[in-house]
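Okay, so here's just one chain, in structure tokens, the form predicted alone.
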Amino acid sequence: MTSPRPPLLLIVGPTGVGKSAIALELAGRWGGEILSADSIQVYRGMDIGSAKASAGERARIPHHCIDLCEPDRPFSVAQYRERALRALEEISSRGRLPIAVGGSGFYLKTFFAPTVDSLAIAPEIRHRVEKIFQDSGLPGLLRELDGLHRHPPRCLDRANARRVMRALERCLASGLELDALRDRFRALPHPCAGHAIRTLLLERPSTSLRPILAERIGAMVRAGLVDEVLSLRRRNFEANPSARCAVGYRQVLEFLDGKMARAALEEKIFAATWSLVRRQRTWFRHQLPIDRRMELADAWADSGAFAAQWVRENGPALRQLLEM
């Protein structure tokens, strides 16, 4: 009789809340390994601005799904899903506790439901759809899409040209209507079959999160974020929209291009980070099944000492969460 697979613990929350410090402490105490769910940490060389685990932390606790790709190349959710699920099985096979940590919503969603399928879109179909958009705009796309359906598809944002383009591509490639494609997608197997998934949402009042973020951004700049972006620029990372538009990196590029003063850099990064935090808070509460919400005290800082104290105080509750 085979042993049951260990549960998968997801630690989620907005940027700067303290996820990584707590995950490191839990992994050390409970024999765990960390699986990153961060869409920027997959890129080699994007270390400071993504708050990637240090070499010492990685030597102490195994980390997975970081440094997977060169920064000038796009990295898709499908690629992440393949690597993350493989890492999950490897961690489980060793009898270790997998702890997924991150704030990238679609990466986290890959553990709960299919997010991509294997439908291939031929280049000629992409070119055809792009030409329709160039020649006739959104109305032309909708006419073409509606012509492939007995009734106009309802579950589609008809005002979003990009989504209409993707829907048209998929219908042309498959020969199916959107409802049939959706049913086929929903019938795909659960990505984490055999694993109980437990999700811990960490929260913090804005009054304490804002100064923590300000200090964190200042520390990143002092640690060499500008030099990191200069190095990435030499590696052509601006060819990859996901990399060059990441919070922090985009603002440094604007500074390097003379679009803002050096004195305004940290303020601009903070504004973009706080906007991200607001989006993350909404997304986590409405898009993920949350098993436990825990609010960190105002005085809690993102450091190992505070994380150790927090885990000592909350360890029994977290154990109950895993055993649910």
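Whichever C-alpha set is largest while still superposing within 1.5 Å between the two forms counts as the rigid core. Start at 1 and count along the sequence shown; that's the residue number. In this text the structure is predicted, and so the values were computed from the model without any measurement.
This protein has a second form, the form predicted together with the RNA, left out of what is shown; the following refers to that one.
The candidate site formed by 105, 157 and 287 is fully in contact with the RNA in the predicted bound form, as each residue has a non-hydrogen atom within 4.5 angstroms of it.
The RNA in the predicted bound form comes within 4.5 Å of no heavy atom belonging to residue 233. For the chain shown alone, residue 241 is a contact residue for the RNA in the predicted bound form, at least one non-hydrogen atom being within 4.5 angstroms. Using a 4.5 angstroms limit between non-hydrogen atoms, residue 279 touches the RNA in the predicted bound form. The shortest heavy atom separation between residue 86 and the RNA in the predicted bound form exceeds 4.5 Å. Of the residues 221, 172, 212, 247, just one reaches the RNA in the predicted bound form with a heavy atom at 4.5 Å or closer; this is 247. With the partner omitted from this view, the residue of 119, 122, 226, 196 that lies near the RNA in the predicted bound form is 119 [heavy atom within 4.5 Å].
The stretch in contact with the RNA in the predicted bound form, judged by heavy atoms within 4.5 Å, is 247 to 255, chosen from 140 to 148, 197 to 205, 88 to 96, 247 to 255.
Along 158 to 184, these residues reach a heavy atom to within 4.5 Å of the RNA in the predicted bound form: 159, 160, 162, 163, 166, 170, 181, 182.
In a rigid-core overlay of the protein, residue 222 has its C-alpha displaced by under 2 Å between the shown form and the other one. Core-superposed comparison between the shown form and the other one: the C-alpha position of residue 156 differs by no less than 2 Å. For residue 179, the Cα coordinates differ by 2 angstroms or more between the shown form and the other one after the core has been superposed.
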